[in-house]
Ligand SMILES: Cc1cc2nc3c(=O)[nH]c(=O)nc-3n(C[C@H](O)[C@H](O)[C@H](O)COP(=O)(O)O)c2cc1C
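Here's a solo chain for you in structure tokens, the form predicted on its own.
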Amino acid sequence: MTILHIDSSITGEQSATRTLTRSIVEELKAAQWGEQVVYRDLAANPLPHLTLDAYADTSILDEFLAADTVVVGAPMYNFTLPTQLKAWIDRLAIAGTTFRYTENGPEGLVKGKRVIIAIARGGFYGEGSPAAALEHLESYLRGVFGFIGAEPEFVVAEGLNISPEHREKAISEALGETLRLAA
């Protein structure tokens, strides 16, 4: 079993998503002894934005397809995902490989792959919050992974910029959720 671990936060060790993805991966490894982990830090080693030449390089897609479980750290920047994460995702949605068009609409071809996404948001953007209409991170990730056939699971820490106490509490609660996901 292979875990693909993706981090995209630019804040290094201060990153809530890096804390959460590290916990998720460690819990998965503990629950399923012998896991191989492939790590990609998209902030430290960003992929170039998609070009025709980059589109022809299938190494990122091959890495994704080879993984049994994918763990993604996705901080919310300006209401959506970081550009470095978008550049990675652009290499995954490939007609004929990860999805296909049919008479009945698109069909995802990446069924059975487990995708766990750790989200961190500075404010409150969840359903029912005053700023919910500005949430374009979780909805985008749910849509794009669903489009290719995966049903993503989410761990969300939000309100991180409200106060240091709230940040600590939100991360602690999200870390507790990582235990459930690994079970």
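Note that residue numbering follows the sequence shown and begins at 1. Note that the structure is predicted; figures quoted are calculated from it, not measured.
As for the form predicted in complex with this ligand, it is not shown, yet the points below apply to it.
Which one, 142 to 150, 23 to 31, 50 to 58, 115 to 123, holds residues whose non-hydrogen atoms are within 4.5 Å of this ligand in the model of the complex? Answer to the contact question: 115 to 123.
Give a yes or no for residue 76: in the model of the complex, does one of its heavy atoms lie within 4.5 Å of a heavy atom belonging to this ligand? Looking in the model of the complex, residue contacts with this ligand include residue 76, since a heavy atom lies within 4.5 Å.
Distance check, residue 160 to this ligand in the model of the complex, heavy atom within 4.5 Å: The answer is yes: residue 160 has a heavy atom within 4.5 Å of this ligand.
Looking at the partner-bound form in the model of the complex, is residue 16 within 4.5 Å of this ligand by any heavy atom? Close contact exists here: in the model of the complex, residue 16 approaches this ligand to within 4.5 Å, heavy atoms only.
Non-hydrogen atom contact residue 172 with this ligand in the model of the complex at 4.5 angstroms: The answer is no: residue 172 has no heavy atom within 4.5 Å of this ligand.
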